[in-house]
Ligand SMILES: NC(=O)c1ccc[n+]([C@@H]2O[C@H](COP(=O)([O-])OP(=O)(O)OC[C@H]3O[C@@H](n4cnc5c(N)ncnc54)[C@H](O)[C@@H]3O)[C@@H](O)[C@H]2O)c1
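Only one chain is shown below, in structure tokens, and it's the form predicted on its own.
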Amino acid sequence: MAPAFEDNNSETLPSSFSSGSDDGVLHKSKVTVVGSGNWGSVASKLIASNTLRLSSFHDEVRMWVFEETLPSGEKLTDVINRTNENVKYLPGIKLGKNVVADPDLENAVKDANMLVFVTPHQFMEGICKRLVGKVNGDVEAISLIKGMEVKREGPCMISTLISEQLGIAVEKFSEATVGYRDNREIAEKWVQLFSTPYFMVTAVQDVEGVELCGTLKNVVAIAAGFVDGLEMGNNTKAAIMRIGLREMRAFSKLLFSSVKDSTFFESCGVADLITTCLGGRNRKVAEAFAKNEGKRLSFAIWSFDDLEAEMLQGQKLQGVSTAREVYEVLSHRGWLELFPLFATVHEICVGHLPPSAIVEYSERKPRLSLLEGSTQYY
């Protein structure tokens, strides 16, 4: 699909809040954020600050919100629009007065020509089905989603799912790296939309590499959380992170030969992996899981589902479901012994192994010869 903004980048028209008049409306990019969790709200805040500043964008940023009723009895969208704050998923942070929460998905996207997808990856197929035929023909999209869809024919990247179902040319954004395929000019427009003095964004020509970094780092963070929960120490945790990065790189390059080694040294790679393994919800919940291993609380053993509900107040874990999806790919392709860390994380998550197995997997040496011609372990 031809990039939608090739003819628009030369426009430098004055910006007006609400964009109610027709003056310049055809030349401005209008942004909708599809998702309103913690990361979706952060993205909306970043984007809204830039659409006010940059004349090539409409000021208003629509944010699709999956409607919820708060304990006060109020609707979440009403509270966001009244207080300019997502009190459930990003409390205490003002989003920007030009952010408008909308519970109607079709209405939220109907006039947009730039879509930002940022929802739990397991919901994306259903969202795409609802949007078929509902988006503008010239729309561009970016995926901030970490995860993959595993189908009988093999793994499907979320960016591919969006592109195939909606006919949209998609870029992939992971933390502070935008992955693009061909058009650097379009990638730079996304960089411009997200960049702030406190949030630097760069573009790299490697969609699959960027997307898989954002996906797989959550599996490694689960492993790091097990180490923390068992109080194994920083040296062990550092080893898990190093080996996790190694498996991220090897798995990505086996799936997609186009993946570049250099991508793993971008912000989306080693930097994001370190951050996620030191903090973040996946590490936090995995730590609690390891600490509570075998303990009975309220006459029930705490599972990841229990801990997610108890600790995250409506937010979703990505690492556990991604570990399962990765395991399915490894099992289907006969690669389980090549990726002992990934395989062990899933087996611990489903109760087949104890958390302490996270350091025992190293006895299962991968057959490195199978990787020759595709990638090498380092």
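Just so it is clear, the model here is predicted, and its values are computed rather than measured. Note that residue numbering follows the sequence shown and begins at 1.
Absent from the display: the form predicted in complex with the ligand. The rest refers to it.
A.B. asks: Since exactly one of V99, V118, L161, L115 fits, which has a heavy atom within 4.5 Å of the ligand in the model of the complex?
C.D. replies: Contact with the ligand in the model of the complex is made by V118 alone.
A.B. asks: From the list E68, E328, E347, E60, which entry has a heavy atom within 4.5 Å of the ligand in the model of the complex?
C.D. replies: Residue within 4.5 Å of the partner: E68.
A.B. asks: Using heavy atoms only and a 4.5 Å cut-off, decide whether all three of K30, V178 and F194 touch the ligand in the model of the complex.
C.D. replies: No residue of the spot touches the ligand in the model of the complex.
A.B. asks: Would you mind picking out the stretch of 161-169, 249-257, 120-128, 233-241 that comes within 4.5 angstroms of the ligand in the model of the complex, counting non-hydrogen atoms?
C.D. replies: Flagged stretch: 120-128.
A.B. asks: Is V220 one of the residues lying within 4.5 Å of the ligand in the model of the complex, judged by heavy atom distances?
C.D. replies: Close contact is absent here: in the model of the complex, V220 is far from the ligand, nothing within 4.5 Å, heavy atoms only.
A.B. asks: Please run the contact check for S44 against the ligand in the model of the complex: heavy atoms, 4.5 angstroms, yes or no?
C.D. replies: No, S44 is distant from the partner.
A.B. asks: Going by a heavy atom distance of 4.5 Å, is W64 a contact of the ligand in the model of the complex?
C.D. replies: Yes, W64 sits close enough to the ligand in the model of the complex that at least one of its heavy atoms falls within 4.5 Å.
A.B. asks: Report yes if any heavy atom of Y89 sits within 4.5 Å of a heavy atom of the ligand in the model of the complex; otherwise report no.
C.D. replies: Residue-level check for Y89: yes, a contact with the ligand.
A.B. asks: Quick one: which residues from 32-61 get a non-hydrogen atom within 4.5 Å of the ligand in the model of the complex?
C.D. replies: Contacting residues: S36, G37, N38, W39, G40.
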